[in-house]
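Same protein, same chain, two forms; see structure 1 and structure 2 below, as structure tokens.
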Structure 1
């Protein structure tokens, strides 16, 4: 008799636990949808978002003096930079600035180390490509196509 009672109690409490769970599901069914339908809807990017690095654009172009500090600090050897002097007494200015984004870990060390504050993170996030060579970016060329956003 007792065994039967325990069995019935087990069935009833089990059924109740399932019903309670269904209750939670039903409640959420009536609440707004949490999913964002990605290509059609997009979430705003956070302020601190880290995309592939870029040279900050100023009215007089970029401020990179090709000191190579970012190049030496980068843990993955992403950056290659070479400077050129227009005249002997001029400041050095970066003429070539290449990054290989496929190896970048977006750590931010290069942005922080730059004495000229010439680097910043871009807000690009669709960086997937079919070839690893697409990760190689010419930042000076990219700068010329961009309008001024320091």
Structure 2
């Protein structure tokens, strides 16, 4: 009699365990899908997203004066800026603005210290490449390729 009772208890506890597991499965099966099929679908980025830095575009070009505050402040030492004056009376303008994104820590100090507000965070997040040498970008050349958005 005791063996029969243990057998029935095992069957009932197994059935209860199966029912509880199926209840969890059904509960999650009826909820909306949380998975995003990444290359075809994308989630909206939050407003606080900080991607790699870029030069801000203005209708009259960029406002970087090559003062050097960004490369002096950069803890990683990955920014190189060179300025040029067309004539002696003109303002200094950045001619080259190179940054190595493969070593950049995205700390944002360069954006904060820019006196002309010429730097901003981009909304990019797909910046992978096959070589680490492709991480070196000229932000002036990249700015010339994109359209003007204030």
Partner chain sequence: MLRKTLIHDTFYLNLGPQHPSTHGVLRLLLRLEGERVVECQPVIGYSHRGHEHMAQNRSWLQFLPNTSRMDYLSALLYNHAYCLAVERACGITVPPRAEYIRVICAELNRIASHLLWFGAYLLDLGAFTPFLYAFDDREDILAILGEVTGSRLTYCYCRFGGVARDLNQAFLDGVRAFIPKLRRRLKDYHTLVSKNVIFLNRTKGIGVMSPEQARDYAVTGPNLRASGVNYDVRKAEPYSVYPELDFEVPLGEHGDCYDRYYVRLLEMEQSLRIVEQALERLPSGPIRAAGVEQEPAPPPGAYHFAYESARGQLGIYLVSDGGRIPVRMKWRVPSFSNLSVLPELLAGTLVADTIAILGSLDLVIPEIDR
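Superpose the two forms; the largest set of C-alphas matching within 1.5 Å is the rigid core. Residue numbers count along the first chain shown, from 1. Since this is a predicted model, take the numbers as computed values, not measurements.
A.B. asks: If only one of the two is the form predicted alone, which is it?
C.D. replies: It is structure 2; that copy is the form predicted alone.
A.B. asks: Between the rigid parts turning between structures 1 and 2, which of 46, 91, 130, 33 is at the hinge point?
C.D. replies: That would be 33, the one at the hinge.
A.B. asks: I need the hinge angle between structures 1 and 2, given as the rotation of the smaller rigid body against the larger one from C-alpha superpositions, in whole degrees.
C.D. replies: Hinge rotation between structures 1 and 2: 32 degrees.
A.B. asks: Please report, in Å, how much the Cα atom of residue 11 moves between structures 1 and 2 when the rigid core is superposed.
C.D. replies: A shift of 9.6 Å.
A.B. asks: Quick one: how many Å does the C-alpha of residue 22 shift between structures 1 and 2 once the rigid core is superposed?
C.D. replies: Its C-alpha position differs by 4.6 Å.
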